[in-house]
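To begin, one chain is listed below as structure tokens, in the form predicted on its own.
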Amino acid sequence: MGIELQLKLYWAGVGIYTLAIIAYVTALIFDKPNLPAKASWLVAGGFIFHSAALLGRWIEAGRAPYWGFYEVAPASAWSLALVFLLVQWWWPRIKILGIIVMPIVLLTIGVGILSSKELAEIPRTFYTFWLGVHVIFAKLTFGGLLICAALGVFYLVKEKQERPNKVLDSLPSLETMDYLGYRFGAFGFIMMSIMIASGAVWAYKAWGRYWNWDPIETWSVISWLISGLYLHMRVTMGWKGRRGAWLAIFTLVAMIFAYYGVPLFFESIHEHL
């Protein structure tokens, strides 16, 4: 599948995702409790086009899409959309989280499709089982922490709710959202731990050392420590509710910076990933 068709599929997905975001925003602002379910169906529709475009690049490249922002960013967005679709299917009452998740998905795709589409020759060290494990768990980490942070945002919104709103009222209780956020935060922390460990094994096979304090490696550890702090403060210091919600949001921001911000400011051996 050529680049032109891939881009058409991506833009079709972007258009449908945009309609979904409009539906989520409309539901929350104009108190339309039936709209989040329809918006989720739009997400599923956009996901089909998104998947087709990503598969097209996979076929064109003859390998998984993990090289350069044109491949990595849409692949990350795909995993976020998939995690959200599974989560809102399992817990239907939190469909409105799409108002936070989908703009991040949309922006992540945008970073990709506006980047260079050139196919580069990949070093043989990238054809390894451990790189696949590292990439998969990185995407699971991002998905888990995004849902955790989104629950934190809606915890803060619902806590400050002054007027009746059917969409907010349909959310689980504050206690339930707080506990769900903790569970997704723990999931993200475990996935990040495996991501870092598998990345170290792959680095040894690729470059002959487990760790080199590369900027992305360093910020990954910082993100891991912040994520661990979130869990530690909750368990040992009782940081539930509002403080836990803010720390969950901060954890996501730290990971986004490690994933996308660091390559913009620092030279890194991970710049193509």
Partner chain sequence: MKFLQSKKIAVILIIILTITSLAGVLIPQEAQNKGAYDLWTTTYPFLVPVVTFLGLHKVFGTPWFLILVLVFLINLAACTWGQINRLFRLWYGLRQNGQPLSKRFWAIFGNCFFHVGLVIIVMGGLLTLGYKMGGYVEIAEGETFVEKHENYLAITEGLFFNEDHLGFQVMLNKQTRYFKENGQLDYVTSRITVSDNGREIVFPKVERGQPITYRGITFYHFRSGFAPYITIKDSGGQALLEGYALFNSMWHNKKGEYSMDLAIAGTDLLLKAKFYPNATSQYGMMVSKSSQALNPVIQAAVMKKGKLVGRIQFKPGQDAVIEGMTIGMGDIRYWTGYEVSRDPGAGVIFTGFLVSLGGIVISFTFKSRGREEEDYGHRITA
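These numbers were taken from a predicted model, which means no experiment stands behind them. Positions refer to the first chain, counted from 1.
Below, we turn to the form predicted in complex with the partner chain, even though it does not appear here.
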{"property": "The single option of K38, K205, R63, R243 touching the partner chain in the predicted bound form, heavy atom within 4.5 Å", "result": "K205"}
{"property": "Every residue of F189, A200 and I226 near the partner chain in the predicted bound form, heavy atom within 4.5 Å", "result": "yes"}
{"property": "4.5 angstroms heavy atom contact with the partner chain in the predicted bound form for N34", "result": "no"}
{"property": "Residue contact check: V111 to the partner chain in the predicted bound form, 4.5 Å heavy atom", "result": "no"}
{"property": "The partner chain contact in the predicted bound form: W58, any heavy atom under 4.5 Å", "result": "no"}
{"property": "4.5 Å heavy atom contact, I136 and the partner chain in the predicted bound form", "result": "no"}
{"property": "Proximity to the partner chain in the predicted bound form (heavy atom, within 4.5 Å), stretch among 142 to 150, 101 to 109, 160 to 168, 83 to 91", "result": "83 to 91"}
{"property": "Stretch 159 to 194: residues contacting the partner chain in the predicted bound form, 4.5 Å heavy atom cut-off", "result": "P172, S173, E175, T176, Y179, L180, Y182, R183, A186, F189, I190, S193, I194"}
